[in-house]
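Next up is one chain by itself, shown in structure tokens, the form predicted on its own.
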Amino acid sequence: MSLALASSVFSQKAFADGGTLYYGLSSEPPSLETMVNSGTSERTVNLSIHRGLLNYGIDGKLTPELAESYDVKPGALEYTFKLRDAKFHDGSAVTSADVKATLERIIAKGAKAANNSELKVIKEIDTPDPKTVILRLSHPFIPLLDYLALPEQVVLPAAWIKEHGSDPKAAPTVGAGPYKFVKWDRGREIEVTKFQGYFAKERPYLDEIHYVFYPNAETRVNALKSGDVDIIEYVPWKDEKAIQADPNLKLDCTAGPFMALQFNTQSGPFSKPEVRQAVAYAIDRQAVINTAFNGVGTPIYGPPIPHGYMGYSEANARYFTHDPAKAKKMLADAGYPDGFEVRLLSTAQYDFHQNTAVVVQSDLAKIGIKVKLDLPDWAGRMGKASKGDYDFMVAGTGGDIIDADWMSSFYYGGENLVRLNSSPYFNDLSMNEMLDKGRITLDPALRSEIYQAFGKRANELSPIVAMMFRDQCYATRKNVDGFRNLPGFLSFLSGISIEYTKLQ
């Protein structure tokens, strides 16, 4: 065998099929219920077990999954999906009846689904044959495909839905994804194994995956360094340089997620927009970056719209400055010359969340606001957040979709606390109208104008005060290939790439 041929054969075999991968999660998922969003760890596991009509692919673009193709009629009122030949883990075929039952479960009145309100635009679901699904909308809804690509819209077997409905104790672990659920060892790990009947015949490559829970960041990093795990999420910023310098490790970072304060605007000082604006002027963004993120990050002085995304405006992006004197005057003008006391919800489970809260506490003390920190574990924090049990809260998050309608989940008004990021009880009719108009406007240029006007209003009312864009990093051992950190906001969906992951 020639040297060149031998080298070629070796490179082809360097990353082979099979093997067991250990994935270090930053928290134990609160549940595996698919239609709710309980954080990145839950999404990561579900993205190994389930697939939807569409997904965001490893390139960050919309990718047909259980739908082999789709067609949108002019006017965007009718969407037709053609299903590929695919099976659930129980051996049954994925059919249009399963898609219909899944979507009806999500949009049912009172359903605790993350995208219940968004997908209620679907007024009719027609299934003319087992491989065809037709969605008819009550009005145009430009971001429909983006929402269908989220892990909260993965397709479940109609038989399972008929048996269990929306029982929160019966998490749907039978999916059509590349790996099958095996067991959940509470407090330790979730195990999945390769699904031989997956529709992508050449994938997945691994035999099994163990999602191991490492809530402590230092322990998680040490587990990667020692080889106890092959991948970790939420790499601490202080460890980035050391991981980059380690010849046995690889670091994969993207910018996009952001840190923000979101307010319960129901009553008290934070019901006044000028008080929320005062907070925006009081926060030293660079101090947050230096203290909580080891100096890595980009300050935000306006709405958290990344440069290049629809709705970005330079004027809106420079609306605020760090000006404690102005903040103190705004408080006095609002009727609080001596400040007030409030409770800030964060979590002790993630250092960057807790350290962000500490900086906010210190900065607001300088303008007379006394902040008491509430620091439960992540599950406790999520529980309080979902109930609106806070005066204001540290949020580390990003847009769920890349369409500009991602802003609806943060700013659309009302008392709906199902969505993860909406500020309780905030409701501005003009902002709602702009968001509604943006959803139905077909012309991209007009849509951009709408969202720029929206950004100006978001600054004026400040139900959310953004502080900084942060790096979101994964790290792997050198013997791991194919895992990808999806770009920008989509970093939280990077678990989709486990389908392409191999071990050397």
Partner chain sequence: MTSASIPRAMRGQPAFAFSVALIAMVASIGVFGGLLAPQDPFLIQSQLVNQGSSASHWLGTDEFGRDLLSRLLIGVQPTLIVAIGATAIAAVFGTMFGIAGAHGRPVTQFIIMRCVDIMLSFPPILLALLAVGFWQSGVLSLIVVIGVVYIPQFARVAHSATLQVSRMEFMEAERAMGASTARVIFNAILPNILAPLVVQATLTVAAAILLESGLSFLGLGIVPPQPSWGQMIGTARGYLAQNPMYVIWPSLLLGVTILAINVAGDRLRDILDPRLRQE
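Throughout, rigid core stands for the largest set of C-alpha atoms superposing within 1.5 Å between the two forms. Keep in mind that what you see is a predicted model, and the values were worked out from it rather than measured. Positions refer to the first chain, counted from 1.
FYI, the form predicted in complex with the partner chain isn't displayed, but the following is about it.
- Partner proximity in the predicted complex, defined as non-hydrogen atoms within 4.5 angstroms of the partner chain, places exactly one of 88-96, 354-362, 124-132, 334-342 at the interface: 354-362.
- Remark: residue 103 does not count among the residues lining the partner chain in the predicted complex, judged by a heavy atom distance of 4.5 Å or less.
- Heavy atoms of residue 266 never reach within 4.5 Å of the partner chain in the predicted complex, leaving it off the interface.
- At a distance threshold of 4.5 angstroms between non-hydrogen atoms, residue 218 is in contact with the partner chain in the predicted complex.
- The partner chain in the predicted complex comes within 4.5 Å of a heavy atom belonging to residue 375.
- By the 4.5 Å heavy atom rule, the three marked residues 276, 300 and 316 all fail to count as contacting the partner chain in the predicted complex.
- In summary, among the residues 243, 348, 253, 159, the only one with a non-hydrogen atom within 4.5 Å of the partner chain in the predicted complex is 348.
- Think of it this way: in the predicted complex, the partner chain has a heavy atom of just one of 238, 136, 82, 326 within 4.5 Å, and the residue is 238.
- Core-superposed comparison between the shown form and the other one: CA of residue 362 displaced by 2 Å or more.
- With the core held fixed, residue 113 shows a CA shift below 2 Å between the shown form and the other one.
- Taking the rigid core as fixed, one finds a CA shift for residue 180 smaller than 2 Å between the shown form and the other one.
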